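The data below hold one chain only, encoded as structure tokens and taken in the form predicted alone.
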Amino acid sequence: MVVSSAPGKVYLFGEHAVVYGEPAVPCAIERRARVTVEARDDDRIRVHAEDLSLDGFTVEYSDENDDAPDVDVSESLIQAGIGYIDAAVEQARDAADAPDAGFDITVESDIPLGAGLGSSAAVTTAGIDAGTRELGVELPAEEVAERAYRAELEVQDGEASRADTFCSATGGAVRVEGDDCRSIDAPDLSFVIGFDGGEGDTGELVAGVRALREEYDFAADTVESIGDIVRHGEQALTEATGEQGGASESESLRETIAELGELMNFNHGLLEALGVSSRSLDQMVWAARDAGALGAKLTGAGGGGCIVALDPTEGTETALEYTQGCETAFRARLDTDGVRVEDE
């Protein structure tokens, strides 16, 4: 039996603009999905899901059955609970050259579903890692990321992003530009995340930005400006990493982290101008800033979901807990670990 875990993520900068070839910087956070895999003597797959905002369920099926397992739950629930696991199983079988391998699988997660925090990427990444290890194969993180991307591409009908699975597999901060994903230096960052309990329609939101960009030159300029923010943010991350631990850390590092926060604020303003924010997201962003956060912005597609604030104090989390429209708020530091094996 193998237990692997992988982190969720937030976007520090660059969502939506990344669709048009601009860079973006997602960061892994200390919220994880854990997948336990134990090989079976037959080719059947048994999946038990816990802590996925789904009340928990168990299904069992094999490749000889219909495309969906015979279980009395809604199609959307099946998709959320086993769609990504099913694709991860196929990737693990392929990597280990074991097409008939069967597994008992348990999925647990403390990453909210549908919040734009990369829950599906974390489950898929951890599932592939645990499955291949259970079959005696250890893959490098980069190959786990690539296989997880392929799995998500299949489930999401070709609309998956490499950024989520790469960030989940490698941990830390990641720079993504087109298909190019690579890890970049980042200091120890302390995030506060606010979740409004909803989610936006990613396809509709992306289409809306595309329409604005095609109709108005200033909207296209706005997208390019987000790319400029990302580049400034990268430079600030590098500077902050170099300043951490130095003799003058306290003052210079604070100034550089404050610059990151200011860039996050600019980024949110531009996303709001592109029409991808919402009343609940804006309320949480302003509550975080009023509470002393160095910066706050929506993270992900927008329209609902989560905001991320940069704040090492307790003020932002407390403020968000009392903000209308915020369902839950929690702290999550930058997670420098990607996919990893956990103690059984």
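For clarity, every value in this text was computed on a predicted model and none was experimentally measured. All residue numbers refer to positions in the sequence shown, first residue = 1.
The form predicted together with ligand MEV exists for this protein as well; it is not shown, and the discussion that follows is about that form.
Mapping the unseen interface onto this chain, residue 26 falls outside it, with no heavy atom inside 4.5 Å of ligand MEV in the predicted bound form. A residue is said to contact a partner when one of its heavy atoms sits within 4.5 Å of a partner heavy atom; residue 329 fails this definition for ligand MEV in the predicted bound form, lying far away.
In the predicted bound form, ligand MEV lies farther than 4.5 Å from every heavy atom of residue 334. With a 4.5 Å cutoff on heavy atoms, residue 319 does not count as touching ligand MEV in the predicted bound form; it lies far away. Note that among 27 to 35, 297 to 305, 40 to 48, 278 to 286, the stretch whose heavy atoms approach ligand MEV to within 4.5 Å in the predicted bound form is 297 to 305.
Interface residue among 91, 161, 119, 267 relative to ligand MEV in the predicted bound form, by the heavy atom within 4.5 Å criterion: 161. Contact with ligand MEV in the predicted bound form, defined as a heavy atom within 4.5 Å, holds for exactly one of 219, 206, 141, 155, namely 206. Contact residues in stretch 32 to 48 (any heavy atom within 4.5 Å of ligand MEV, taken in the predicted bound form) are absent; none meets the cut-off.
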